[in-house]
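Shown here is one chain on its own, the form predicted alone, set out as structure tokens.
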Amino acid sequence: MASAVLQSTELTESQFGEIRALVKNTCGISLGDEKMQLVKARLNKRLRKLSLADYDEYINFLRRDRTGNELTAMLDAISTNLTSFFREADHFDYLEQGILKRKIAEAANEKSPKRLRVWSAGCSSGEEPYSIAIVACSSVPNLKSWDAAVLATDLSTRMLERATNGVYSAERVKTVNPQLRSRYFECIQTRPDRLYRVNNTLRSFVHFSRLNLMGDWPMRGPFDVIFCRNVMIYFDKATQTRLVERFWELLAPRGTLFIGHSESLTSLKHRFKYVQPTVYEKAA
């Protein structure tokens, strides 16, 4: 069984190949050769925690683990989670000035019900879906009378726990407008460091759930908006194409897809209409 002492942390190309294939088959993430040292550094902690001697033992442990808990822990360990409130701010401007203004006008003219569905796919520690909720709450009159919800999903249970807690340092919330910060956050600690918690108004609109984008999607939609930003950069072209098609199917007519500023659909076959860089719309 497992050795009590970690004797070797070397990761061979063959072992990396097995881990890389497992990650790709499970969640679609393609780990290039340049990620080998990063994987080794991050998984060393898992070997120590499990008292495993080397990566052969770790791979065997993954294969024997019927619960799937270690696979989840491994994916958590190798995931890169970089996010912030109102990151890529032009997207939130477009959400407010374009999408929500149109939805408000349609609802006022009784052309459509007061319904809003937004999906934050790859929500990390929650800054993105809470930013979406802030924009909706501050720009849609009497949003509580709407059938409105933000679905926030991520593969990482560790990130989802942070997101659900909704507690952030002063450094993390500094990108939030002070007026909005005072309206939607409460200071819960001042010493030694100031901490802020998302208030119940925002929490009532945001629903967190674990989801593997490569697996089944239990939600039916349709969604008015999907944010999937800086996620597809980890997938190969074939996986990106399949994912974009699934997004298209789940969006309502005139639904909008936001992708990251380091991403593009230019090289993919898709049915979206280009609106502006990183913003795409499903035709009505």
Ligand SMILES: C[S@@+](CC[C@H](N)C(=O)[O-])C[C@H]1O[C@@H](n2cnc3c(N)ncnc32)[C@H](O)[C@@H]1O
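Throughout, we count residues from 1 along the sequence that is shown. Worth saying up front: this structure is predicted, and the values here are computed from it rather than measured.
FYI, the form predicted in complex with the ligand isn't displayed, but the following is about it.
Among heavy atoms of Leu31, none comes within 4.5 Å of the ligand in the model of the complex. Although the partner is absent from this view, Cys27 contacts the ligand in the model of the complex, with a non-hydrogen atom inside 4.5 angstroms. With a 4.5 Å cutoff on heavy atoms, Asn230 counts as touching the ligand in the model of the complex. For Ser124, a non-hydrogen atom is located within 4.5 Å of the ligand in the model of the complex, even though that partner is not displayed.
Only one segment in the set 161-169, 135-143, 98-106, 208-216 has any non-hydrogen atom within 4.5 angstroms of the ligand in the model of the complex, and it is 208-216. Among the residues Arg87, Arg117, Arg181, Lys114, the one placing a heavy atom within 4.5 Å of the ligand in the model of the complex is Arg87. Of all the residues from 36-60, none has a non-hydrogen atom no more than 4.5 Å from the ligand in the model of the complex.
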